[in-house]
Ligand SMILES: Cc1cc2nc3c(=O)[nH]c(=O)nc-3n(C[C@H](O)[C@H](O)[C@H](O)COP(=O)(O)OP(=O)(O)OC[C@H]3O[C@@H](n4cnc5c(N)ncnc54)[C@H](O)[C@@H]3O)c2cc1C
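Just one chain is shown here, as structure tokens, and it is the form predicted alone.
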Amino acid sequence: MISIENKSNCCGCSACFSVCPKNCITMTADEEGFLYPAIDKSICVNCGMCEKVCPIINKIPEKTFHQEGYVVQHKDEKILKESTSGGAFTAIADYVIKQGGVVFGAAFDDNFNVVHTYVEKTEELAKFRNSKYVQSDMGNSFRLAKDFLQSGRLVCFSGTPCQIEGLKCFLQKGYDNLITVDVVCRAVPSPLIWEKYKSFKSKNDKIISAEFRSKSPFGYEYSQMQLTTDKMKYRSGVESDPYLRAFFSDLSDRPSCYECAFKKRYRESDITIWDCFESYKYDTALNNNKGVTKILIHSEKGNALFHNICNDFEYKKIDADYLVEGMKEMIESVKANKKRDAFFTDAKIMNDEDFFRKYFPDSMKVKIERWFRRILNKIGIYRQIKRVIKAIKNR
């Protein structure tokens, strides 16, 4: 049976839970809020299936192959505004649904927990738009996807690279009617920290909507956290918002993210998508601060799909080597913050407000940075200054 002795060796994909013929595995949250397999040994028959489908135990060697690269921006202004970047996934998903298929992805449930679910109607695709900076609960999504595949339905499954490889290991064979889309992932933050943040910011009012990367009002290149309740609307940038600060300082990540087994250029998905902040490098016509997506295609299936949806975009084909140049998040794991252990210890014992104010005070430095960002954005030079700073850091 599978045994998690080192938490860095479990990405929480749920393949082991999904494959167990005796249903003796449950995905259980640990003290940091991350899900790990727990085995009821009284009914386990030691069949070994859980180990057979683990994507970390059975790591797939990276092999080079031909890739196609594109930068895209959806032509539909509403879709573009609601999307994290350029609306690429909505176009992919819309095509699959119009072919009678189903689409799996990360969405909010009624309590704004992040879960994997599926939709079969175009009007439901909005729930997959905008990034979810929380590790999603996979639930029964692998089993449901397999049922749809075996019934002959076209299935599009999206997720992080570990979730995609977990699905493929679980399926144990290829399916012509499966399209996989992975998102370049920095790391996956803890659902526990997200729960504390919701309580801290909502003050237990009813949450109406949550956006980790709202483009309103400053646009794509200065997106903000936005939380709306029945009594207020909160909005704050990456320099100020405590949840985003935790994420980008690598305090709240899953242990496996610090030694990610899935960081690579040549992936097992059909299509990889991620942000394109430097659209000026590829096509000045797309450099409009509305959002652009990079697309890297790994398979003939992915290539065929792109050519079926390309009319939904303004797009430009880009050499794959040039497209991935400088993309450390694609191939390198993040480094664990030295304060991480103390951060999670305090998360368990401190009240929400004291906890976030301890680690992310609204200091004078933060206030000055926030003021400068907004002033630069207001006078129209924020994007240019950001570009210069990025160039200096990359030297």
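Note that residue numbering follows the sequence shown and begins at 1. All values derive from a computational prediction rather than experimental measurement.
The discussion below concerns the form predicted in complex with the named molecule, not included here.
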Single option in Met350, Val366, Ala342, Met327 placed near the named molecule in the predicted bound form, where near means a heavy atom within 4.5 Å: Met327
Exactly one of Ile309, Cys185, Val119, Ile297 has a non-hydrogen atom within 4.5 Å of the named molecule in the predicted bound form; which residue is it? Cys185
At 4.5 Å between heavy atoms, only one of the stretches 271-279, 94-102, 171-179, 145-153 reaches the named molecule in the predicted bound form; which one is it? 271-279
Does Ser131 reach the named molecule in the predicted bound form if we count a contact as any heavy atom within 4.5 Å? yes
Quick one: is Arg213 in contact with the named molecule in the predicted bound form, heavy atoms, 4.5 Å cut-off? yes
May I ask you to check whether Pro242 falls inside a 4.5 Å heavy atom distance of the named molecule in the predicted bound form? no
Is Gln163 one of the residues lying within 4.5 Å of the named molecule in the predicted bound form, judged by heavy atom distances? yes
Can you tell me which residues in 68-92 come within 4.5 angstroms of the named molecule in the predicted bound form, by heavy atoms? Ser83, Thr84, Ser85, Gly86, Gly87, Ala88, Phe89, Thr90
